[in-house]
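First, one chain by itself: the form predicted alone, in structure tokens.
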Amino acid sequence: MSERDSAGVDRYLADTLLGDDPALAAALAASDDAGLPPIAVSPLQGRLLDLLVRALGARRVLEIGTLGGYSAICLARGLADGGRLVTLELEPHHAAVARENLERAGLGDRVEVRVGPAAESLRALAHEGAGPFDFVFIDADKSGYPEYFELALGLVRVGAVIVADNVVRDGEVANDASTDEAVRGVRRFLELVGRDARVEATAIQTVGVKGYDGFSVAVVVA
């Protein structure tokens, strides 16, 4: 199947299964207008995050990498009653756009957007005794994935789910000679996850409007 065909299938599935979503469409438009990079998860991926959070009955969710708040809207929609999402963003401008998008979507009261380097924010959450979190979504700078995973493990409960985006990198993740720092970061992350007895994990390859990529999914077992 060609890349164009896979993107067309993605659009067909989104049109058939998801329908129109004014809040998410507005979030994308506002992010584009603000000059944010067009790298948010796709509509189908966003719904998957919503459904995973909902199926888990999660009340405390942590996101690493907010961008314009598209995925945060999806995660917050899946929260159980009284639940809360903490989302971490490096860039103040991105965080401001995300807050506006979340407010417009009627979710501002469920979401805390923290600004600063993710590792520092994660350590601050640990110092505050935040959590334990039920679900973590990692979608930030790929070179930081190993550290984010290690720090997130200190903030979750047994049974929590940790999902990481962009782990296939157009197939380059299998290239052990790659000099791309994003690929190298993802490889270090996956190797770390594979060795860690505290989690059981898998990964799935995806194609569609976001190209050829994938998610890793880990369940905390100890």
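One-based numbering along the sequence shown. Please read these numbers as outputs of a predicted model, since none were measured by experiment.
Below, we turn to the form predicted in complex with a small molecule, even though it does not appear here.
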query: Close approach of D139 to the small molecule in the predicted bound form, 4.5 Å, heavy atom; finding: yes
query: H94, heavy atom within 4.5 angstroms of the small molecule in the predicted bound form; finding: yes
query: 4.5 Å heavy atom contact, G185 to the small molecule in the predicted bound form; finding: no
query: Partner proximity in the predicted bound form: P43 to the small molecule, non-hydrogen atom cutoff 4.5 Å; finding: no
query: Residue (of G83, P146, G116, G131) lying close to the small molecule in the predicted bound form, criterion heavy atoms within 4.5 Å; finding: G116
query: Single option in A76, A152, L88, L102 placed near the small molecule in the predicted bound form, where near means a heavy atom within 4.5 Å; finding: L88
query: Interface stretch in the predicted bound form with the small molecule - options 53-61, 191-199, 66-74, 156-164, non-hydrogen atom within 4.5 Å; finding: 66-74
